[in-house]
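One chain comes next, on its own, written out as structure tokens in the form predicted on its own.
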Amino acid sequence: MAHRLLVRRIWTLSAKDIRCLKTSTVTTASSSFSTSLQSATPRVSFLSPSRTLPRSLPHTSRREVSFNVQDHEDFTERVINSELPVLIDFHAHWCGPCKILGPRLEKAVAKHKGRVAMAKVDIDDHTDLAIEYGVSAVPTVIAMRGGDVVDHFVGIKDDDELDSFVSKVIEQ
């Protein structure tokens, strides 16, 4: 997370900030031998927020299609009480197939533009939910509508199978 923030801040430096940075580092290097505790020139930090985005990186507003379940209460509120059908992706950070299925499933859900939601449940963090829904292997995807389980599958599926699974859940 910190790496992404640092990279984003570096990429969003404007030309003015870079010019200030160059002059600041020259004066800072020459004044680094002074004994005073405060520098005479202000230093520019890479972590300071930028006011403009460069033209090469356009800012696009992207709505997230999935959410991470925080606790049992959050699961009840956002999944069981949801008016939309919800796909629950039970996964683990150490699971290779989960890392492949997750983005594919998000892409399939995004194609349906808000007619279905997707919840992600890490089985290491929420063992109680995994036991409650009978998850014995990961990745496991369970489809719920109105608090009831309507369908599920275990393992990886290709993009066409995922699209048909999501469509079937929406049409039920």
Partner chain sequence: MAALWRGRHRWKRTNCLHVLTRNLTGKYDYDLVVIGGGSGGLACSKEAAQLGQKVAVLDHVEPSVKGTKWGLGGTCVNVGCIPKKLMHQAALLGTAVKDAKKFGWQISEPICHDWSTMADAVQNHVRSLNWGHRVQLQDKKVKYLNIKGSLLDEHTVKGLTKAGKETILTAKNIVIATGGRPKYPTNIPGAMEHGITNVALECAGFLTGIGLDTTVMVRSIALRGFDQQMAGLVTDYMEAYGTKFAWQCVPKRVDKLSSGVLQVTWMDNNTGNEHKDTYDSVLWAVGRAPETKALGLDKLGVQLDKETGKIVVGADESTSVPNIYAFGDIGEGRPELTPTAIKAGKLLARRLARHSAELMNYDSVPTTVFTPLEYGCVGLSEEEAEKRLGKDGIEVYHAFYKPLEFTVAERDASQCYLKVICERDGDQKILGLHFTGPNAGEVTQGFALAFQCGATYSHLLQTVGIHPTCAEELTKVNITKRSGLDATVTGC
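Model, not experiment: these values are computed from the prediction. Positions refer to the first chain, counted from 1.
What follows is about the form predicted together with its partner chain, which we do not show.
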| query | finding |
| --- | --- |
| 94, 127 and 130 each touching its partner chain in the predicted complex (heavy atom, 4.5 Å) | yes |
| Contacting member of 69, 142, 135, 116, with respect to its partner chain in the predicted complex [4.5 Å, heavy atom] | 135 |
| Exercise: residue 121 in contact with its partner chain in the predicted complex, heavy atom 4.5 Å | no |
